[in-house]
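Coming up are structure 1 and structure 2: the same protein chain in two forms, each one given alone as structure tokens.
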Structure 1
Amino acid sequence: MAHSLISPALNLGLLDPLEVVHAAEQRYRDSVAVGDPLPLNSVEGFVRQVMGWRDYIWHTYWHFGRDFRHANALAAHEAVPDWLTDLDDGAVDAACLSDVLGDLRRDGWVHHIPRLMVLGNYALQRGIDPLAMTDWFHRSFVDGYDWVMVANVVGMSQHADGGLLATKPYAAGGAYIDRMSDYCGGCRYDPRKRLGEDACPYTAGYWAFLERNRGRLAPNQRMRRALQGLDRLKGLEEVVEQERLRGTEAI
């Protein structure tokens, strides 16, 4: 987690990424020398994010140029809702979204996984305009530099570039959030349900997202199995209508 926690200092130039990488490597070697090695996968993941992903995003930003921010391959045009603009966690019942919004309002920062898994996933499912969502991330996060947010939000989070940066949309239902976090246990929504008052908005929203973008995503081989699941899903029309009515209301 620490690599995104230090991202404000990195983006401000207070920390040099290469110095951070060397320090992490030396800490690992020191731990090995005293017979208490740090987990190699943890150190490697940290180094890969600081040295690899940041560099990739930086070069992606400049390579694709100024027009990249206007990409909208999934034709998403919904406005950012007021409750999201205001970081109003009290207006939201979904435990994951409420918790993340509360942390963001308090700290101006949340870890990169909630950014993708909760915030970006919501916007992607609900068809919020990617440029407006990029602006929201830019204004809401203390590490929200333009080169960071444009590539990460337009490409990685909203798949608005049609696959130039990442090969498939970062869309997932409530079961994924449940598996990757501890949010769902006390939530009023059930991640296993897609219809009804206690149906998880992320679970239902995932299927509505796939149905809305079926034609656009059909050429993507990585989406083949997910799209095939649409044809086997019971009550798909009801799910789509339920989520159309829900729209971008606070969930």
Structure 2
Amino acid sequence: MAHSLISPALNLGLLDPLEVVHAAEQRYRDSVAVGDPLPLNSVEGFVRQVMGWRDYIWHTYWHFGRDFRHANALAAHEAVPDWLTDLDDGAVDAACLSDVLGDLRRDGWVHHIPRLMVLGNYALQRGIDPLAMTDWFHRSFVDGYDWVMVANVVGMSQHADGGLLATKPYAAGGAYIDRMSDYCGGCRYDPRKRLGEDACPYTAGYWAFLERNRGRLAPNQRMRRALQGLDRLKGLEEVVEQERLRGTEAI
């Protein structure tokens, strides 16, 4: 909810991650000493981002070698649409995507969760080429660098590495976005609907994504329940056709 906004400074090399981590710990220990402890979950969460995630993403960029960036385990080959390339939030009706894209256009930065849940989730569902998305994230974010984005986009966000970094794809329907945000209330799409004019493209897109990748995801234990849900879904053919027609047009 509250963020340090120091990722660009770390990635420009202005701050050293260890000094930042040591300073955070010192402040925590000082707060304990004076009997007014900072919340340990906040301190640990920060330390985890800097000496856990950031360092892990850096090392996996090298460890998985030169071909890591070309991994495309879900055979996603769609081009990045122009409205996304141009950060054209005005072309987008979906409240979540329009808001996140608008913030990105204005600031060159949004927090990690909208990157994953709204932007990455969209590309994953629509089958956009993961390397093209890696380049898009690299260019569009002030803290984006090749080493940052290959592991984060190919691995964490697009599941193009077939599960080297994350145990299952970060694909989610509109109901999840509704639960985790306050976007859906005023949106022209209904996160509970998967068919029709007001069907949420994230909800319908989620099912179309599962159907397209059914065979690739079937061996993954953690996808079993989602695929069982897919088997029981009424009107799947219509949903798939609706989303095929929608493609990567602005939603």
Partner chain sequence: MPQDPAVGHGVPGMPRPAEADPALAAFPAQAPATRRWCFADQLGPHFLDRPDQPVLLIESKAVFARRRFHRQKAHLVLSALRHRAAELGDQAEFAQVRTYAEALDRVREPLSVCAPTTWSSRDHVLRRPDLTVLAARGFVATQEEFAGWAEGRGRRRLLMEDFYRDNRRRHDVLMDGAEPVGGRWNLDHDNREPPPSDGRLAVPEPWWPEEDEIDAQVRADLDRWAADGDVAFVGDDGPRLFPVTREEALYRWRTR
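A quick note: this is a predicted structure, and the numbers were derived from the prediction, not measured. Think of the rigid core as the biggest set of C-alphas that the two forms share within 1.5 Å after superposition. One-based numbering along structure 1's sequence throughout.
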item	value
Pair member that is the form predicted together with the partner chain	2
Rigid core superposition, residue 63 Cα moves 2 angstroms or more between the two structures	no
Shift of residue 27 between the two structures at or above 2 Å (CA, core fit)	yes
